[in-house]
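To begin, one chain is listed below as structure tokens, in the form predicted alone.
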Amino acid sequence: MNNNVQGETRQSLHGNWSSRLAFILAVTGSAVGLGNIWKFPYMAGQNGGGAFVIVYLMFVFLIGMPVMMSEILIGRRGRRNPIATMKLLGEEEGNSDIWKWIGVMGVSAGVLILSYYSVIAGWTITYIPKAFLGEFVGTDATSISKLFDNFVANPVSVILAHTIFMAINFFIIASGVKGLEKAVRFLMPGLLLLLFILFLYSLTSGSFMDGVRFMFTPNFSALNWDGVLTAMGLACFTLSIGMGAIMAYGAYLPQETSITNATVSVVIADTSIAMLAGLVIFPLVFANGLNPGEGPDLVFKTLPLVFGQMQAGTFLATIFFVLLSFAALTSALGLMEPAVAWMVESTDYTRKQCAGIIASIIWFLGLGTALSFNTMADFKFINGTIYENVDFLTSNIMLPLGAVFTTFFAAWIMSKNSTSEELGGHSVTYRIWRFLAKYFSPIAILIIFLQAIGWI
């Protein structure tokens, strides 16, 4: 009973979201990133189109959603940054503060991910003026490829773009929860509007139905075990679970807001945006006779080539890269907030000072990634360049382990009274969550982890 009282009366030190909608926009913004816009389409393209989509959707609801609910309920229960929350609840629920290290891993993963994510996001910002000035118009594949290769080969250009992106993050995060809310209230509707404009154009591309058939007609012969595991991993990665962001945002969630309903809304919104992105990209690719499974080159080489050959291509290309920048920014805010919240709660520095320090650390760490594409491209160890090693460490080890231990803590360590108070213990959805969080989700994520490290 004591735990319940503490959970009800504890208040966030940073303020709360003003409404359920604000929370949904913030968490959806954190989940919707570059992965939704380009990673999902090309992974579907490589793994049987509709077959991959079906498996992906199944894992989103059976794995991603229970884990997200676990992170939100832990965040709201603790009302602190992820490290302090895991320590506090670990002591309350299991008489041990060892669980704080799960919070440490999540916050650290967010910092490391943002260190390279910021570099890639900087590319999208740089491509906005390129698109606006018509640099793609009338060019061929060789010229488009050379344009990108020359850009990433120039360390000054890459670092400058990285710096600009981190500066934008700093100014938004420094303004607190209210500043975050204002940003996502502008960025998310803007993202949806831009995506819808591109969608309307894809309807007239002449190959829209080809894109629909490709995405929604199952081709299971092209989907192997690796593709299934890829879908499982993408379902976790695109929802931003295991990196502290959702837990931090959950700490600001008003007590009267239903975690289950909010999570369902976020998952549907995130998945719908990924689907819509596919329906934008695939018809354009098919209309120009190009390969839909070309990986990251799809964004910076294939699509600029497509835009350069079409009417209104300059306008549409500009919209597309603004869209990418919005998606990258909303995700970046979620990655940075946990570390800033921890520093605010742990030191006497102001939030603005903490945001500046964390942003500077992330910027400095990002130099390794920025130089991995040019000056230090030949410096390789273990899994490749600095960027490839940081990506492997975070995506394949830290995120899966963070998601497993967080879900295990919510389902096995926290009392049924505590979790039912947050989720509504007498509902069918609570019983489904409890079963999936206790058994299915952790096992499935462990399989992802074992596959990622080469044991499967």
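All residue numbers refer to positions in the sequence shown, first residue = 1. The shown structure was predicted, so the numbers you read here are calculated from the model rather than taken from an experiment.
This next part talks about the form predicted together with tryptophan, which is not shown.
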For the interface check, one of 24-32, 420-428, 407-415, 57-65 should have non-hydrogen atoms within 4.5 Å of tryptophan in the predicted complex; which one? 24-32
Note which of L335, A231, L253, L284 lies within 4.5 Å of tryptophan in the predicted complex, where distance is taken over heavy atoms; exactly one does. L335
Pick from T238, T302, S115, N169: which has a non-hydrogen atom within 4.5 Å of tryptophan in the predicted complex? T238
Contact label in the predicted complex: A245 to tryptophan, heavy atom within 4.5 Å: yes
Hey, in the predicted complex, is N36 touching tryptophan, heavy atoms inside 4.5 Å? yes
Can you tell me if S331 lies within 4.5 angstroms of tryptophan in the predicted complex, counting non-hydrogen atoms only? yes
